[in-house]
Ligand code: 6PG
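Presented below, as structure tokens, is a lone chain in the form predicted on its own.
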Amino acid sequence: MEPARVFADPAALAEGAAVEIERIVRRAIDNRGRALVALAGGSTPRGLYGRLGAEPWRSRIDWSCLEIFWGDERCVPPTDSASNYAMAKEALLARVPIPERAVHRIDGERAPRRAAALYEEELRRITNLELPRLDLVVLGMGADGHTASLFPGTVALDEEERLVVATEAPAAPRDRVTLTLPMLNAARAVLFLVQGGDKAPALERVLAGGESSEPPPPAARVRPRRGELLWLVDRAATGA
């Protein structure tokens, strides 16, 4: 695994991530005329979204060529403060000129299994592929090593066929919908953002690869088969 790129603080991390996202999105648009991007929820990406929604990044990205998805969602209405969609809309999507038709949220207000099935259909419809390939997936990581809503010890981690599944989190809101490892590992690029000292033990285990005697955290199982994997972290997350 490539070593993580370390930034001094969360602000520098957000700026460094914006640079990479602009590069990856531009490459996708140049090659295929559009960029399919899955956003992350959680606290860490909020700073990044704030940067992308402000100048100069707001003008550097051709938002009209993006299709926006999510890596996971809490099963709450889209207006709920716990909604990943609501956070991304407030921090980013309401501040950039992206067409509403290009924003593909997970229907968190539906029954979890139904929401998962519908989202899998949507991914296949937009890409016209049996196994859709997203150009970029933005992911965070929890202190327990989870990413998206793939939590340690859950059956969702072992899913090999479905692209989107319903699952449960250890904390409220428990009901979740998440992309699976087959979907994440089909991406052309995956960008992990990790910040905070509470993430240091899990990050060390992820970056150790097979050297640890403990089972790998879920985040360590995200390794695109034919894509780019980037770990961008702040200094606190390294335990320094």
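Because the structure is a prediction, the values reported are computed rather than measured. One-based numbering along the sequence shown.
Omitted here: the form predicted together with the named molecule. The next part is about that form.
Q.
Which is the contacting stretch out of 140 to 148, 111 to 119, 124 to 132, 90 to 98, given heavy atoms within 4.5 Å of the named molecule in the predicted complex?
A. After filtering at 4.5 Å, what remains is 140 to 148.
**Q.** Residue contact check: Thr167 to the named molecule in the predicted complex, 4.5 Å heavy atom
**A.** So Thr167 does not count as contacting the named molecule.
Q: Answer for Arg51 alone: is it within 4.5 Å of the named molecule in the predicted complex, judged on heavy atom distances?
A: No, no contact at 4.5 Å.
(Q) So in the predicted complex, is the named molecule close enough to Thr180 to count as touching (4.5 Å, heavy atoms)? (A) No, no contact at 4.5 Å.
Q.
At 4.5 Å between heavy atoms, is Gly42 in contact with the named molecule in the predicted complex?
A. Answer yes; at least one heavy atom of Gly42 falls within 4.5 Å of the named molecule in the predicted complex.
Q | Those residues of 159 to 184 which, in the predicted complex, come within 4.5 Å of the named molecule by heavy atom | A | Going through 159 to 184 in order - heavy atoms within 4.5 Å of the named molecule in the predicted complex - there is one hit, Arg176.
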